[in-house]
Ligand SMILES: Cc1cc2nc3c(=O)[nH]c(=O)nc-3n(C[C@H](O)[C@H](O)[C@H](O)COP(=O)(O)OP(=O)(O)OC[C@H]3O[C@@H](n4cnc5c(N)ncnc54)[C@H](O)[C@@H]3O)c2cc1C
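Only one chain is given next, in structure tokens, and it is the form predicted on its own.
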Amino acid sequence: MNGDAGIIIVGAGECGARAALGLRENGYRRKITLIGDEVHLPYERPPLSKKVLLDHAEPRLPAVLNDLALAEKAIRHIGGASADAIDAAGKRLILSDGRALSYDKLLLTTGAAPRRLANTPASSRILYLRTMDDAIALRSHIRANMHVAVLGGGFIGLEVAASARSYGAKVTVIESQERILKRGVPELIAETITALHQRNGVAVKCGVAVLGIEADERHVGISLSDGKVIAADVLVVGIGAQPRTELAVKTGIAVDNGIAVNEHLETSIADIFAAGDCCSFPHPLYGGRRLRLEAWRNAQDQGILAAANLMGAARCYQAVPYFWSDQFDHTLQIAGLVDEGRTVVRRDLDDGAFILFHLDAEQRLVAASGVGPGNRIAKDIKLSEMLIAKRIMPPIEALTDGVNLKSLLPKAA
């Protein structure tokens, strides 16, 4: 035990920054060191595919912590540095430049990295979007006279497609599955999003595989299994992400679709915790099912909870999973886990918006998903999230008939 070595957080994204702030807000007075492999201050990633791409002015870093806040909170930020190894027995973190930092407790918030395409040529016209630098590189290709091809019909790919199209670019989305948003999004909502993109001029090609990619420093050619070749100015690859577990694996920490943690976010090695995109955890609302979530809300909530548990609170992580995506003038939101549902009940709202309620075999509400313009679905999704957390089994007619969902919540004692 080093006594006054403090807490080191490896990973300076949303989760790591929230944990650092949470420690101070909870009264932690010892050293806090926040280490990130990017040179930037800690920042939020959701704006990268939207505001950072669309702003006509020079983009500003959507920082979570600026220099003044770091100084006021006495948080030491080491940017542009990567952790190379953990000496768990000696409680030391070894950086790639050879520095060794002692810790009392360690939090891993290493995040996720974009899944890479194999066997593709090196070209400045084939891009991924995960970091601020990625977004800045992509901005120069988002122009009205350009053709942007997007490989992958998931959230990142579709948000880039919407931003590019909003700027007037020609956009083609290529998805190998039979539909977009195959993972965790109901088919009906995926159809609505597809129609939204098509109305706005995006070409959506599903059920086609990429047979080959040719690229130079000016153009990209994508050969598809339907015999067509997409000639584009740039290809944005959004085919998922992988948890960054290299440091954990090297240390001997258990890994199971991410760094495996228990309900308190503790890893298999004492005094080492993990949180955010990089970890998988058991969720009590779904029978202890092990989840790994790549979502801003989860990163924020787990960072805050990890801070408390690093100080000995031993709280269980049980927040309802929540995702959202803004595309054109519509918002898609999901609370809970759609694939836990056995029955789907639909509620129609104004302006074409609708909510799908997902009930399990016992009629317990396990998820709610919705899509619509503006914030039309936000209130019902928020109330659904509260019902899911309370394990409510609502009457089906109350869901279809437009009953105020707040009335289904238990009365406060």
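One-based numbering along the sequence shown. None of the values given here were measured: they were computed from a predicted structure.
We do not show the form predicted together with the named molecule, though everything after this point is about it.
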Using the spot the named molecule takes in the model of the complex, and overlaying the site C-alphas onto this chain, is the pocket open or blocked (blocked: 3 or more ligand atoms within 2.4 Å of backbone or C-beta atoms)?
-> open
The unique member of 81, 285, 255, 239 whose heavy atoms fall within 4.5 Å of the named molecule in the model of the complex = 81
Residue among 356, 388, 377, 48 with a heavy atom within 4.5 Å of the named molecule in the model of the complex | 48
So in the model of the complex, does residue 149 come within 4.5 Å of the named molecule, heavy atom to heavy atom?
-> no
The named molecule contact in the model of the complex: residue 154, any heavy atom under 4.5 Å = no
Quick one: does residue 206 come within 4.5 Å of the named molecule in the model of the complex, counting heavy atoms only?
-> no
Report whether the minimum heavy atom distance between residue 159 and the named molecule in the model of the complex is within 4.5 Å.
-> yes
Select, from the options 295-303, 310-318, 164-172, 224-232, the stretch whose residues sit within 4.5 angstroms of the named molecule in the model of the complex by heavy atom distance.
-> 295-303
Output the sequence-ordered list of residues from 245-261 with at least one heavy atom within 4.5 Å of the named molecule in the model of the complex.
-> 247
